[in-house]
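First comes one chain, alone, set out as structure tokens in the form predicted alone.
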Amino acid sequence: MEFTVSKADLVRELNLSQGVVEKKTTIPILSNVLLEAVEESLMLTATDLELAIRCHAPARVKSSGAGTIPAKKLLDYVRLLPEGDLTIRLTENHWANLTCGRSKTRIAGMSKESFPELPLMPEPIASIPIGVLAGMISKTIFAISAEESRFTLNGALLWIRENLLTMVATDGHRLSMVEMENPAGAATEPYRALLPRKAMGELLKIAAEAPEKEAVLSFAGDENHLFFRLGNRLLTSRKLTGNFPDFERVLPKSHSYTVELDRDELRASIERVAQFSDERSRAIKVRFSDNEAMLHSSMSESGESEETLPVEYGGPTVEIGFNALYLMDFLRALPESKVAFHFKDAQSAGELTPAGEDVSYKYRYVVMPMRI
């Protein structure tokens, strides 16, 4: 196999493979990227058996074929080359000869025979603009559980119904749900699946590389896998097994009180006050009283901090404890400039939503209270 490819094109596609390639594995072939040269295209494939990405780069193919090269070593070297064309030739003993200008390098590869076969993508179920999907991921991914023992919470629920898209994530202490209409049209059938966190991260990378946020990806699923195709890139993810919690039971049916705050002011105040919260619990107190919201935290050995924000509120004094990091996660992900804080009492979950008349989607973030 021999082909010539632009350094910039190869680096761009190899970058996408790095999040998928296994760096510490007992199966050496999973540290390699599969290169397949056919006609005027170079196809690159990487997998860790749970997640796989396949992408293409334009190439001048002298002789077609396939082989594998260590993915990180290849990217680290090619990235250092000057801009221009790079010629790669794979020999029968699986060595790769790289030539770029005056640079000549050999890298030991492996036979493609032991590289895992990827499942074929079935007929698409839905079309989704990549910007819409990326926005839903960024609004939920931070609420996914980091505890590997709770594997059904190690991803987000993706629920497709006609022209409605829903994504939900929870770690048991908080829940983030976003629901919006699909501007690309109705799905062919309803579909629910658990999308792993790692796949969500890779979709965010693909979205960042997309030439325009309106670009539409095709989504499909079979018994074990989820498929996302955008242009010449295909991401395949193994589904998480198990049942996602009945999140609709967790969502509060109503709240006694609601106050609106400026997102940036609230976030900045929480960040400052949280400097004096316990390093493990990150607990702060939020107290609502006559037309003000007060944030407070204290550590006996290092000090305390308190800030007040003006709000429109005339109800009884209510003081609730929250994890400051949980509140900041939502405020970082919220695109709107105003946030609505819904609450009932010190023992009930608080809820944050975007505020304003121009909010065209549903975004609910439920946070359990803390005892302080």
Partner chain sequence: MGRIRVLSDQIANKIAAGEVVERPASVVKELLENSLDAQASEIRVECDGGGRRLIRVADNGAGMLRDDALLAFERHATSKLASVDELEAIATLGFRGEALPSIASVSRLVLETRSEEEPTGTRVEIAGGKILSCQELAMARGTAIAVRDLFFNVPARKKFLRSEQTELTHIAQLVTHYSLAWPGYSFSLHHAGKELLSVTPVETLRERVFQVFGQSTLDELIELGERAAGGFRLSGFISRPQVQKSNRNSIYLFVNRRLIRDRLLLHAISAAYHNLMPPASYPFALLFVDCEPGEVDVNVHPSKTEVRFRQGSLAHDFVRDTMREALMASRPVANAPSASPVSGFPPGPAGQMAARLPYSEFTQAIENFRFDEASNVLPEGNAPPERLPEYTLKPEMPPPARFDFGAAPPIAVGFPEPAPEPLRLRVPDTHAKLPEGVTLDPPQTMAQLAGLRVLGQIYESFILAAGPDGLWIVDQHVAHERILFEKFLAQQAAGRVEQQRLLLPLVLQLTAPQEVEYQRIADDLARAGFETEPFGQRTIAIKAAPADLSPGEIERVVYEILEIAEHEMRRVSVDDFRRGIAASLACRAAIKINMPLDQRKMEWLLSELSRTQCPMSCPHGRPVALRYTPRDILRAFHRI
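Keep in mind that this is a model prediction, so the values were computed, not measured. Residue numbers count along the first chain shown, from 1.
Beyond what is shown, the protein has a form predicted in complex with its partner chain; the following relates to that form.
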* **The single option of 337, 347, 64, 317 touching its partner chain in the predicted bound form, heavy atom within 4.5 Å** => 347
* Answer option from 212, 147, 264, 83, heavy atom within 4.5 Å of its partner chain in the predicted bound form -> 147
* **residue 281, heavy atom within 4.5 angstroms of its partner chain in the predicted bound form** => yes
* Asked: So in the predicted bound form, does any heavy atom of residue 8 sit within 4.5 Å of its partner chain?
  -> no
* Partner proximity in the predicted bound form: residue 269 to its partner chain, non-hydrogen atom cutoff 4.5 Å -> no
* Given that the partner is absent here, does residue 93 sit within 4.5 Å of its partner chain in the predicted bound form, heavy atoms only? -> no
* Interface stretch in the predicted bound form with its partner chain - options 254-262, 199-207, 99-107, 167-175, non-hydrogen atom within 4.5 Å -> 167-175
* Asked: Candidate spot 26, 113 and 250, all three in 4.5 Å heavy atom range of its partner chain in the predicted bound form?
  -> yes
* To do: Output the sequence-ordered list of residues from 117-136 with at least one heavy atom within 4.5 Å of its partner chain in the predicted bound form.
  => 117, 118, 119
